[in-house]
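Given next are two forms of a protein chain, the same chain in both, each as structure tokens and marked structure 1 or structure 2.
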Structure 1
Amino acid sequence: MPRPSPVRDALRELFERPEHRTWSLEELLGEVHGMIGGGDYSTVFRAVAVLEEHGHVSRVDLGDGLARYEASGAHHEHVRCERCGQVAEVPGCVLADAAEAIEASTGFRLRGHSLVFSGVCPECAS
């Protein structure tokens, strides 16, 4: 890991919080500003790239064009609200059995998959 930086240290602190969450770069920039009073978009982008390169965070593509990141850990899927964009985790991997069946039927050795459910969150549904 390269030498410490205030922005990277703040990001690590965010990703190590007990509540697991998925962050956009804009949200991370806002949090870093609140924590250390500095940092710009390109600095946050580079710091996240370093954390991703070293396996501390993973990029999540939810199909809306925003780059999102979360702490690396056990694989899981996500659900995204079509109205407000709120994101929630789906605990565990709902496709584990399907992945085994796909390997058996195609001969492919799967290295990963991505699935995003879409719908309307409780707040938008009311």
Structure 2
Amino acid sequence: MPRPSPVRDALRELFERPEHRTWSLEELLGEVHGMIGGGDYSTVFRAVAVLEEHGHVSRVDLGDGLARYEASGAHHEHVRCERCGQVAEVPGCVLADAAEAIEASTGFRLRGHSLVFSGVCPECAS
């Protein structure tokens, strides 16, 4: 039996929050720090790696060179502002229908996809 893991527990709790957003490792570290008053970058890194292996979280790539993680489950895409980096969510999955056609045309057996829209958010546009 594994011994208690405050860091991983904090992360698990974090990812169970109703707000479904993406977290970079640094943001996760900050949250963990606030929750248990400790924690280390590498520990967080390893903890999310375990959570990812167990299917609790998914690593997402928003194209800004940072690894981000989100709770598995409700799948959706993201929009990232080219100017300020703000990330918003796109409700619903736009691609459910496309998958089948793509499998037929490429011969690949699809298992996932990563879609990031980029543009300018309302604040930056004004």
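All residue numbers here refer to structure 1's sequence, counted from 1. Here the rigid core means the biggest group of C-alpha atoms that line up within 1.5 Å when the two forms are laid on top of each other. Bear in mind that the values here come from a model prediction, so they are computed numbers and not experimental data.
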I want to make sure I have the labels right. Is the form predicted in complex with another copy of the chain structure 1, or is it structure 2? 2
Taking the rigid core as reference, does R17 move its C-alpha 2 Å or further between the two structures? no
Mind pulling the C-alpha shift for R109 between the two structures, with the rigid core superposed, in Å? 3.0
